[in-house]
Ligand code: PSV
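A single chain, nothing else alongside it, follows as structure tokens in the form predicted alone.
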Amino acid sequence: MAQSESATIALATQALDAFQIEIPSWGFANTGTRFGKFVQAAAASTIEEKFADAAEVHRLTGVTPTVALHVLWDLPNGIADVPKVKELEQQYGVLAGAINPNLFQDQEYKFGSLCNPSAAIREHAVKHVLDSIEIAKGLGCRDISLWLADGSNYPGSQSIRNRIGWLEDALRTAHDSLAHNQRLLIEYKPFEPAFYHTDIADWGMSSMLARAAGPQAQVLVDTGHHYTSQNIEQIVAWLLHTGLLGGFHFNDRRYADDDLTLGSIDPYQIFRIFHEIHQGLSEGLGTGIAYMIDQSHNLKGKMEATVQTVVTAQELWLKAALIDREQLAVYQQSCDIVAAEELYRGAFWTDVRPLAAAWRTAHGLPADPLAALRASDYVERAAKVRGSRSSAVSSYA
């Protein structure tokens, strides 16, 4: 790269200082597949344990100050649980992040929630979203992350257009209840659990629904929620260009929504996504993007997988930040394809681990957070305390 060593260090410091990542409470709980749950002795089964784990990840990495909460899993009593969460924030030094309504778990949602043919069930689902927004207000949380399992499995079994209208009405109602500083992030997914049509199947549908809901609604991109070989960075570029990119649920996949740890299958894809974001930021776009993780650690240790993911995200973010965008623009304008690609690939292949380690050391953090976790006895102590109740049911979708 053309930058001097001092300029590279300064750029790396600036990039890492600006990058914070939200981790999910459910990433610390026992999860599995549709065939069964895999139990880990150290898995968290209470919100207190989830906050403790999140705080330890933040202590090791310094970049995970918030933990996303799932309403029915973490706040089963709704708004009444807000004081308890505030106490946990004070105790552990991490804050509640995005609030995630649950519109897929109850039996009444068998045929949909916000898109259910039953007006009574739709009303109940809307009330849950409104209650979730009130929880977010009580905790001072900006984002309400909305994902629906709504859809149908057989052609002709549902009116697709009716469901669009019901969904638009519900989202407008939700948007109207937002505080001035809150956002409604609308996620999409092409299939599963619905296998014929999903009501919010792609970024175009999510974008149109956000526009219909109101100016405080944006799109939430889950990297696992795409068809194989889909160009996610192009989607990101479009959402940046239209001002609709609100946030991410980062993970990785080999086949479908596998919820594997970030970068474990295709780190180059995350690098390409981060490049588009850095390019947007350099043009004043995407300044409010929420970077969140959404993974199911079925086989890996919960804590190790989370720390590993945060470190990987930092490294890929840093690689993308180090692209010489001025020179890249010259190559792009002159259509020098090989030179442009080599500059781009060169940044990806740069070993940024020493830069990241130096940044952590300068901030009083372990140079290698994963090694520090393994050297500590945190997981072992948690396993001893929690092991007797590690079989407790913990839902995950």
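Each residue number is its position in the shown sequence, starting from 1. Not measured: the values here are computed from a predicted model.
The next section is about a form of this same protein that is not shown, the form predicted together with the named molecule.
- In the predicted bound form, the named molecule sits within 4.5 Å of a heavy atom of residue 147.
- When the named molecule is considered in the predicted bound form, residue 304 lies well away from it, no heavy atom lying within 4.5 Å.
- Using a 4.5 Å cutoff between non-hydrogen atoms, residue 73 counts as a contact of the named molecule in the predicted bound form.
- When contacts are judged by a 4.5 Å heavy atom cut-off, residue 189 counts as touching the named molecule in the predicted bound form.
- Across the options 249 to 257, 153 to 161, 134 to 142, 273 to 281, residues that bring heavy atoms within 4.5 Å of the named molecule in the predicted bound form belong to 249 to 257.
- Of the listed positions (309, 100, 113, 206), a single one reaches within 4.5 angstroms of the named molecule by any non-hydrogen atom in the predicted bound form, namely 100.
- The partner is not shown here, but in the predicted bound form the stretch 201 to 235 reaches within 4.5 angstroms of the named molecule through a heavy atom at 222, 225.
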